[in-house]
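Encoded as structure tokens, the following chain is the form predicted alone, with no partner shown.
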């Protein structure tokens, strides 16, 4: 998991566990004898792209530094339902304390990776790429964007500090597309690429006249996108063009075929369904 900041991951998982454990697992404390050992296994209930195994392992290692997962699949691997993707052996109270947090992460991240994979497959053979957005769960952005990569997608900017995207509200305050791009270019210089949201021919012309690097087409029909893409390419062949705006899985190919370079899908991280995964335990004599 080289892409993920391991220190940040460790810190986040500590917060997740404190939220769930509070002052302790009173159910397990009441019925589980100390030092009871058990085995646990993560079982996939459906076909999916696996994501989050290392995060799940970190949950148990945070509770017990000797605890490790034995994985039978890899993050990013497509598996069928019924497959055991990992197992672990250790103290029963540790497994029970970490079970829900580990499952939540695996289910959530595998759902994102699986949905991303479906979008990527839907535009296969075109020159477009599926990218994510900032529509992430607070506290989970790092892991959710990692899951997008595992599904075959690409990451857009991580936060407000690592990319310039001028959107409708910026434009409204700045006094128009041309003025917004001009100010950004003047104040940020040539080291920053400037992306700007446009919705019609005039805005495309204004943006390109001010040397915008990337055009963002939002909430437009695929036919209108194709028309504006053709126009933009005639004015600036090298311009990168992105589209976004609640593009459903059954619609995405029509946008890719319109000549778009990037298709931003907020649903990858804000609407992906959690995958069907379970954690099954039994006593261990080891």
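Remember, predicted model here, so these are calculated numbers, not experimental data. Positions refer to the first chain, counted from 1.
Form predicted in complex with another copy of the chain: not shown, discussed below.
For the marked spot (58, 200 and 244), a heavy atom within 4.5 Å of another copy of the chain in the model of the complex is absent from each of the three residues. Of the candidate stretches 114-122, 177-185, 76-84, 202-210, only 177-185 contains residues with a heavy atom within 4.5 Å of another copy of the chain in the model of the complex. Residue 150 falls outside the set of residues with a heavy atom inside 4.5 Å of another copy of the chain in the model of the complex. Taking the partner from the other structure, another copy of the chain in the model of the complex has a heavy atom within 4.5 Å of a heavy atom of residue 62. Although the partner is absent here, residue 127 is not a contact residue: none of its heavy atoms lies within 4.5 angstroms of another copy of the chain in the model of the complex. Taking the partner from elsewhere, residue 104 is found to have a heavy atom lying within 4.5 Å of another copy of the chain in the model of the complex. Counting a residue when any of its non-hydrogen atoms is within 4.5 Å of another copy of the chain in the model of the complex, the hits in 241-275 run 246, 262, 269, 270, 271, 272, 273, 274.
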